[in-house]
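First comes one chain, alone, set out as structure tokens in the form predicted on its own.
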């Protein structure tokens, strides 16, 4: 198969589930008949060979700066992001010219959430909602940038410096947390560094602090929500001695400050650990966009494209979306929707807002995923981690909210005037389900026949049943 293969309606629906949160019948139709390459150009917002635009920026609303209501603002930040994910329309045609700043496309939210889980920081641990808001803005802005740039800016962002304690990493009192996770989780991975490398990397990152440590003790702050930390480099807190890192004896610094120093991030991304970092990040992106067990050939193909591009994320994402394995049956319906994906998909197809289904921190937590609040520095789980009894029960409660939302009724009205097949087709089209199993179709058909005895309940039940079918739990 080639990138010139014509895309069918099920193909288009598959692509829109992966780069966004599902497509409407009109959006799916808009991509149907185009080639794979044309569709990938459309959803990315730029073509191969274009100068890759910077990701969209959403600014900083005044309510984020409200220092009086930490918990309420954190809730609003979460719901704002979920509503943004659900309301961005899928593009159906490529831009006439490549913009310097990308349009507000769903894939940038997908990638921002991916990087949020990859470089996981917790708003409760960081205790600075402005920093957390700004970090997600950065992930969106650099979503398609060079991985070196993304890693570099993330490393010295106040949220990360606080989350992994590098603001306390000084020559007289080294702190290993960030240095270890930088290698283990963010770049080359386990097996590609030693404990002596951790020690050397820690020494390299001394002095990369926040302004709070400039004469202040963060442990003495009684109200962390009032802290507004910024990154500073303090030369007197840095270990200027030579260090053996990856077997190389040099004057290492986390981020080199002058020509005499060797840059640790550059070595991880573009130097000695380039192949390991490329392969690991490529594998994670394949798992996120394609299937939980990508073939070694697939991962190697896209890893080579990533590395050959100089570690450009845009090249990696494009290579993944154009690869045959992405479009294969192996990758169809292969990913279990995480709770945020499940909720966003509902809002996307119904047009409701997070407030209209009474979404809040507690409801998201009962499903196992709260944006800005990952369970650990390793981010969230995936796949069957979301198929627990408690998580599915929580999903059912969210689905039940649709039963009472009459504003959605117009989209599924007059079901009783349709044949069984027409009514089932209307429900499936409403939720962007182009392909369902015979079992799912039979269950919905049997329900519709019974619903004729109580027609006033049919539309309400249809809204709820549509999001509880197995195919709506996966993407």
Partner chain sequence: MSERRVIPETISRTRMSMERRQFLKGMLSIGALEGLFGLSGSIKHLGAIASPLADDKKFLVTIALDGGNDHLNTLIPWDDGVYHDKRPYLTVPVSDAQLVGEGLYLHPNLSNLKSFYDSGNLALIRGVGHAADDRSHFSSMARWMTGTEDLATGTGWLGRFKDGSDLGQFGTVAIGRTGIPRILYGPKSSGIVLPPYGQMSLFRSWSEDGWEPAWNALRSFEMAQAGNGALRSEVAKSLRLTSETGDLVSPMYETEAGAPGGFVNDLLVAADILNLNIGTQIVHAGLPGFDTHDRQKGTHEFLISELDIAIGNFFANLLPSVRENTAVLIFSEFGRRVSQNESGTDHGTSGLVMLVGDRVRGGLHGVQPSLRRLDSRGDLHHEVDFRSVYASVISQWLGADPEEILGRDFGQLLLFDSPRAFLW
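Whichever C-alpha set is largest while still superposing within 1.5 Å between the two forms counts as the rigid core. Numbering follows the first chain given and starts at 1. This one's a predicted model, so the numbers in the text were calculated from it and none came from an experiment.
The same protein has a further form, the form predicted in complex with its partner chain, not shown here; the description that follows concerns it.
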property	result
Residue (of 149, 177, 230, 328) lying close to its partner chain in the predicted bound form, criterion heavy atoms within 4.5 Å	177
Heavy atom within 4.5 Å of its partner chain in the predicted bound form - residue from 400, 137, 84, 242	400
Check all three, 153, 236 and 263, heavy atom within 4.5 Å of its partner chain in the predicted bound form	no
Residue 440: touches its partner chain in the predicted bound form, heavy atom cutoff 4.5 angstroms	yes
Contact of residue 296 with its partner chain in the predicted bound form (heavy atom, 4.5 Å)	no
Non-hydrogen atom contact residue 332 with its partner chain in the predicted bound form at 4.5 angstroms	yes
Any non-hydrogen atom of residue 363 within 4.5 angstroms of its partner chain in the predicted bound form	yes
Which of 380-388, 269-277, 315-323, 76-84 lines the interface with its partner chain in the predicted bound form (heavy atom within 4.5 Å)	380-388
Those residues of 460-475 which, in the predicted bound form, come within 4.5 Å of its partner chain by heavy atom	460, 461, 464, 465, 468, 469, 470, 471, 473, 474
Core fit, then residue 12 C-alpha moves 2 Å or more between this form and the one not shown	no
